[in-house]
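As structure tokens, one chain now follows by itself in the form predicted on its own.
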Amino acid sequence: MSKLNQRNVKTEGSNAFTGIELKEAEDHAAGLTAVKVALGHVFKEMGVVRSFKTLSHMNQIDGFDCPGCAWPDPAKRSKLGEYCENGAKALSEEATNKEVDANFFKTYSIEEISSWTDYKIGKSGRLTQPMLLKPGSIYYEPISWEDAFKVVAEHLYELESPNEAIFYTSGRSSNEAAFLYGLFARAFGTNNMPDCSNMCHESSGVGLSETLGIGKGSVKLEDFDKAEVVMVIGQNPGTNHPRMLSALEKCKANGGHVVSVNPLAEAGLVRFKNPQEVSGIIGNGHKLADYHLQVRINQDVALLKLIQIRLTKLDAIDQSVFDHQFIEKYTEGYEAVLAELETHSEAELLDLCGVDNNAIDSVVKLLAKSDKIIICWAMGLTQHKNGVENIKECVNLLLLKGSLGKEGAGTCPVRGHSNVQGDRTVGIMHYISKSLNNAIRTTFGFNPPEVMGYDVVKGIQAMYNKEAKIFLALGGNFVSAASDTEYTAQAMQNCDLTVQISTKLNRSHCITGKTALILPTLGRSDQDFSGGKQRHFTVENSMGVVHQSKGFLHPISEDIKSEPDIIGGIADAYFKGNHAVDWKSISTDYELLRDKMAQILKGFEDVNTKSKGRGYYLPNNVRDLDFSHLPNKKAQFTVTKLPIHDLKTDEFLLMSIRSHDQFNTTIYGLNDRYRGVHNERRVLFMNETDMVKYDYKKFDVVNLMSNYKGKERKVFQFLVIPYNIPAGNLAAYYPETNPLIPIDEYAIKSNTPISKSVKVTVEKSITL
């Protein structure tokens, strides 16, 4: 990339290969191997004694919440440990004994650090003190907290408009920190509050809100015990949400069935070896997916329409397949959906989705006799141009079956980060909520802004065009997580100031504005003391339970602060005591902060008491079959369109995926053992028929190109490996493939980048 601000930093480290080894893909998830790998990670980073003590507190009622995914905790917690392999890896990253201090930054320039791989950067260690990068410098240097807060305040003063500042939030922050962050952004005068959900589940929120009246799922964890069918669509729980496998195991044990819909047959849905059971250690474990529908990338709507057409034909016989009483009482748009289904031929839809016809028939028969149906999904549905309509088609199927508002049935978007859902609940949003603004006005006595702010995509474009000049991030690795990496990096470097509130070093600390700050914060596992008293915060899991989280470890440094303390320090430095909010008091006293949240947020009444122990469920209108906020007070059927890609003869459809040694942009290691790939990330999964057709052999080195609106984007040096993926489809890891995703290609309505369906061509790499 071009040199800017006298800094020659890289958006990607070395693309040299690390020594690939291919083994047989595993036919099961977890088991004894998962235990060994998990303990190996935590022992290496934390030491043996410290590891066992800390792990015994993770996800326990009086302990701390896992810094990984948002899967809920069961009522009865395991005494052996209520965590999974990747949860242990997440803890080892956060609670590492390695330190990134002033000497580290004195030794390594950001130019050198940026040349490292993401894996190497992440393994550097925990940030231990505030650091400042001055204009033109390539070395961070120490700065006091007071001076750091002044730097932020002074830059905010210089803006011509509050809308020139962007306040980004990741899903790691607590409810208290996110609420306070949003409160400060509004007090400053902007709704520029993009968050990580814009890049992942925003399509879920939009689709569910427009059809069911709430941007969250409706199921509870115990519903999996009672479900007759669980459909897992566009999701890989074995890697991304491993504790979900226990819920699927219980579903199966109680006579339920699991249907997997995904272009890849993932090990976690083939068989599960529960490491807390004898059969999971010395036995074969339990088969999970009864049926795997290997759909082509982004042809889920075609598949779901085909299923509904066949169900409609069965229902026409005696009207026993659909829940007509439910449809009549609670829904609107049924006739229009049926009329649209009649415009499609089964042959057309079967050809589009590419799924085996007999497998579809088997699933149709299963669904026909079931009404306790749960549909789960993740990024495989949301990160497409038609991401919102993908969700609405899932809702259509559930509405036809009356599979809402009853035990064992409902919607289940599985959130990828531990409190991303909580962030939105407590007010992190770029759009306007009149009820929230009115409550803030009544409680705090200031007028929140009434102009819609930037989401992630629009925020990047504003920074690129120099319409936004300050970027503050409450957690996350924004540069690596966002689409169109080179464009995003340029946007960040156009800023006058970038601020990262972080626990660990990542690439976004190298790709900065003219001035940059690193403000180190406490992690989930860290004790949080103030005035000699330990504080706790709250989080919301993927099913709407708010509960407390209390750290266990002594912080690695005395010079790191909690997120609320940092936000309060910035706000106090900016307002200098001249504001309706007492920022010092509210940021240091979490009990007081939660009392204020209770006055403003629906469902947070008496949160200080109710969040203790197992916590409590937030209100959910779908569980109560209350659709009063929707048109005609009815749940909405939706007429959706089939996606159109218009692939050229030499084009493929590429989806980005995680390896098993990865959580979001955090790389734990270089092995993806469930898929048989070891010691390498620069791989391209390709159908063997396509390899023959285009004359590719195993381990051929290739480059990938996308071309949208006449602009070519390119990534280099990937090894082709044969894999069971539909012909015409490809898969590769992110963030390595993020540079291929155009900034201006995103889901209609939600603006979620098209990370799971990028049109690409492949060329053999010319090596010198």
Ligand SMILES: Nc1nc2c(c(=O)[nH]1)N[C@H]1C(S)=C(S)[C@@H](COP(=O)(O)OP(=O)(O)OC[C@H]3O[C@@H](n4cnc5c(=O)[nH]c(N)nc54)[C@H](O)[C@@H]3O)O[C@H]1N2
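From a predicted model like this one, the values you see are computed outputs, not experimental measurements. Start at 1 with the first residue shown and count on from there.
The form predicted together with this ligand exists for this protein as well; it is not shown, and the discussion that follows is about that form.
- Comment: 371-379 is the region of 371-379, 685-693, 109-117, 575-583 lying near this ligand in the predicted bound form, near meaning a non-hydrogen atom within 4.5 Å.
- For the candidate spot formed by Gly234, Ile501 and Tyr734, every residue has a non-hydrogen atom within 4.5 angstroms of this ligand in the predicted bound form.
- A residue is said to contact a partner when one of its heavy atoms sits within 4.5 Å of a partner heavy atom; Asp300 meets this definition for this ligand in the predicted bound form.
- This ligand is not shown here, but in the predicted bound form it comes within 4.5 Å of a heavy atom of Phe478.
- Residue contact check for Asn262: one or more of its heavy atoms lie within 4.5 Å of this ligand in the predicted bound form.
- Shown alone here, Arg658 lies within 4.5 Å of this ligand in the predicted bound form, counting heavy atoms only.
- Cys69 is the sole member of Cys69, Met46, Leu704, Ile743 with a non-hydrogen atom within 4.5 Å of this ligand in the predicted bound form.
- Scanning Ser403, Ser549, Asn664, Asn175 against this ligand in the predicted bound form with a 4.5 Å heavy atom cut-off leaves one residue, Asn664.
- Contact residues in stretch 235-254 (any heavy atom within 4.5 Å of this ligand, taken in the predicted bound form) are Gln235, Asn236, Thr239, Asn240, His241.
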